[in-house]
Structure formats: C-alpha cells, structure tokens
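Let's start with one chain on its own, the form predicted on its own, as structure tokens.
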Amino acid sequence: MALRLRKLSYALGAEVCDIDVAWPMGERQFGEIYKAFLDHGILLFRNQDVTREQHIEFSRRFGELDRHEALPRDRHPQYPELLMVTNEPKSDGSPSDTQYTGRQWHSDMSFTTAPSLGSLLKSYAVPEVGGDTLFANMTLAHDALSEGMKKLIANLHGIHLSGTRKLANDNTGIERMAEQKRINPPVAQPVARVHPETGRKALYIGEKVKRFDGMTEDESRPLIDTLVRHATRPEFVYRHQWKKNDILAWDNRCVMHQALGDFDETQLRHMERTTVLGAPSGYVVGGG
C-alpha cells in the first residue's frame, strides 16, 4: 500500500495519513517515510497514542539517538533519550526548567559538533489555544538569496551558543545560561551548510548565533538579523497547531523552528522529544 501524504503548507511539511508508528514496519515502508522526510522537511503523524518506549523505538529508525548529556536538566529522569518540553512545575513546586524551551529561532543541538539530523516531538497535553510552533524551510531561504549574498556567506561560520536568552518572566534563565556555558563551549558552524543526503545548500543560522568567527558582535549583528529575518518570511514558514498525540518529525539540517508563547500558561503544555544524532560538523571556538 502506497504511502498517503497530505501537504501541510506551500513551504514545507506533509502529514503521513493512516500510519500507526507503534505497529511493526518493514524496511520498504519506512524507506518511503524517510524519503518523504527528506522531500518535505517535516512529517506529521496524528493520533499517536504510543508509549515512551514506542516513541523511542520509532525514532531509532531515523538513526542513533542523543542521550542529551549536553542538556542534563531537560532530559527525562528514566529515559535519557527523551527531552522534556513542559511548563508543568517540578514536584517541589518550583518552575519547570523547560517551560520556555525553544522560544528562539534555532536548529536543535546546533551548538554541538554533532548537530541533530532530526527531532521527533510528541504532544501529551496542549493548551486550549496557542502554543504553536513555527518552522522555516532553510533550503528555500538559501535559494532565494541574491548571488552576491550567497558569495558573502559562502565561507562564513556562525558561532552557536547553547544558553538561551533570559525571558522577562523566566527566573531560572541566568543560572541555566551559566550552566550551559560550562557544559557546552561555543561551536562554529557553516552559515551555508550542505545537506549530507540531498546535497542541497541550506542556511544554518538562528537567534542562538552570537557572531561570525573572525568578526565582532557589532560587525556580525546586522547580517545575522538580516539572514534570520529573510529565512522567516511567511513564504518560507509553516505554523503547526498542536493536537494531543501528534508526533512531528523534522529535519534539523534544513529546517529551523521556534516555539510560541501565545497561550495561557496556567494551562498544561507537555511534550517530549527524541533527537537523532547527525554527522560531525563545525568546530569549538574560544571566548564565545
């Protein structure tokens, strides 16, 4: 039976219809799914009422999973392959460490020398409205640049930091950023990065990029802002409205994303993510 897909937007994304990821899946069927993953950048699987073990097992079809040692506060205490994304308070009543995770435009684990191939995020609880996630097609964004801009960025490396910015209502931000700087030194990645499987160039930039290697922050900031603004133009973006038991898989090598805080934070938003390790890329730099 041929794979049935429904496009999610003009820019990127497709829903895989009539698939239960918990059921045994042959190599041929998964091969069709993986081809669709490469073709569309995002795959949506609706109504996946699966266990954590089944989520992990399906994710492993995409490749070796990260155990999230770079983000020790964020991983599930019993399942290191799962990264928590939740606003549910801790057992002692203190705020969740991950309630503001992903609020900047970024690609997962770009601050490591083995940035993620892909991520598979499962929703367990979603607010009544809002809490959406935006995704940008970085291949389309690169293709739409002028030839002059492509030449300008061809040999640039952006320095990616793991610590996120401190939000006004985030009391854990300063401590968390200090911890992340200790665990994860800054890593420089190519701004124009070649996808290892499709061979296409994609922008590899985001709001976690502080400066370009060999340039100051003041010199770098205007170009970083220009590239992020360009990449997130509406024609390159898909906005996902979450439903309970969605699993969304995306290709971090050519897709950037941002979680939105446009919801009532007294309502539970709980998700768990597996992260597929990617090919080595970039290099560690000193001084940030």
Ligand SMILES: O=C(O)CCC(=O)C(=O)O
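Residue numbers here begin at 1 and follow the sequence given. On a predicted model such as this, the values are computed, not experimentally measured, just so you know.
Missing here is the form predicted together with the named molecule; even so, the following discussion is about that form.
For residue 188, no non-hydrogen atom is located within 4.5 Å of the named molecule in the predicted complex, even though that partner is not displayed. Contact annotation: residue 259 falls within 4.5 Å of the named molecule in the predicted complex, judged by heavy atom distances. The named molecule in the predicted complex comes within 4.5 Å of no heavy atom belonging to residue 34. For the chain shown alone, residue 141 is not a contact residue for the named molecule in the predicted complex, no non-hydrogen atom being within 4.5 angstroms. Proximity to the named molecule in the predicted complex, taken as a non-hydrogen atom within 4.5 angstroms, holds for one residue of 123, 110, 133, 87, which is 133. Checking 36-44, 52-60, 251-259, 231-239 against the named molecule in the predicted complex, the stretch whose residues place heavy atoms within 4.5 Å of it is 251-259.
Annotation for 83-114: interface residues with the named molecule in the predicted complex are 85, 101, 102, 106, 108 [heavy atom within 4.5 Å].
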